[in-house]
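Encoded as structure tokens, the following chain is the form predicted on its own, with no partner shown.
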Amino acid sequence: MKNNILHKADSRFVADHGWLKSAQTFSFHDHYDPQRIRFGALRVLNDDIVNGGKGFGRHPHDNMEIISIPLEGTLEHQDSMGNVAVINPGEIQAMSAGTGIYHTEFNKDPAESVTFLQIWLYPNKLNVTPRYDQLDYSKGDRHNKFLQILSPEPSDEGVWIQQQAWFHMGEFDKDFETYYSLKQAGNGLYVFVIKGSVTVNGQALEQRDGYGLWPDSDVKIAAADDAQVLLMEVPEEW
């Protein structure tokens, strides 16, 4: 039986570059812990704050699924495929880097910082043609329910990526309880608490905590306070 894993918010790696402050759940750049490399196909979960007018200059990626979810502020994206877009809270952006891309990400607002989740997943197919996708889910119903915002199928709800993964976002009133059923047996579920506090199968989680588990039945999520939760279902192997 695979072990569940708890990542408390204050156990994350912290990088402070002045213009960028990043809380990193898994090993990233200068921070390395062999016990914190990945959870299944989930390789990177960075909680980034970018100062006004600052951002990531042109840099490459390949063979990685890259997802950005703004929480506060706006982020401008440009890439070598010719895409120019602004992503806002309530939107999700996904890129299949495949054979290789270059891109930039900037906070164009000189006065306000932007907070966003930067998430990388290993793909289940290498060297695909690079692809960009973006979705506004702000009007989707996620009050006391999980709204699907990412899947492996182009015809399904949300953006799609090259991996057997599903993401859901939900906002819950205090004391509300619900259950999540895996889309694919054998997958793992990584729960990230954006706001508030919840219990997941009895495990208490506070704001910005993460909890990975390998359930063989439905997962119970109960809101201890008003809470916002991101679920990431990912395969162990691919």
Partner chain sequence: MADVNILVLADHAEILETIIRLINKNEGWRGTGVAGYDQAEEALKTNKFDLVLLGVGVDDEAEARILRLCESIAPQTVCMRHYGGGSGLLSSEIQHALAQR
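On a predicted model such as this, the values are computed, not experimentally measured, just so you know. Residue numbers count along the first chain shown, from 1.
There is another form of the same protein, the form predicted together with the partner chain; it is not shown, and what comes next is about it.
- Relative to the partner chain in the predicted complex, residues S22, A85 and L117 are all farther than 4.5 Å at every heavy atom.
- Between 183-191, 165-173, 41-49, 204-212, the stretch whose residues reach within 4.5 angstroms of the partner chain in the predicted complex through a non-hydrogen atom is 41-49.
- Residue contact with the partner chain in the predicted complex: A111 places no heavy atom within 4.5 Å of it.
- Contact between K195 and the partner chain in the predicted complex is not found at the 4.5 Å heavy atom cutoff.
- At least one heavy atom of H61 is located within 4.5 Å of the partner chain in the predicted complex.
- Among heavy atoms of S27, some come within 4.5 Å of the partner chain in the predicted complex.
- Of the residues given (Y137, W160, Y102, F146), Y102 alone sits with a heavy atom within 4.5 Å of the partner chain in the predicted complex.
- Residues from 122-148 that approach the partner chain in the predicted complex with a non-hydrogen atom closer than or equal to 4.5 Å are Y122, P123, L126, N127, in the order they occur in the chain.
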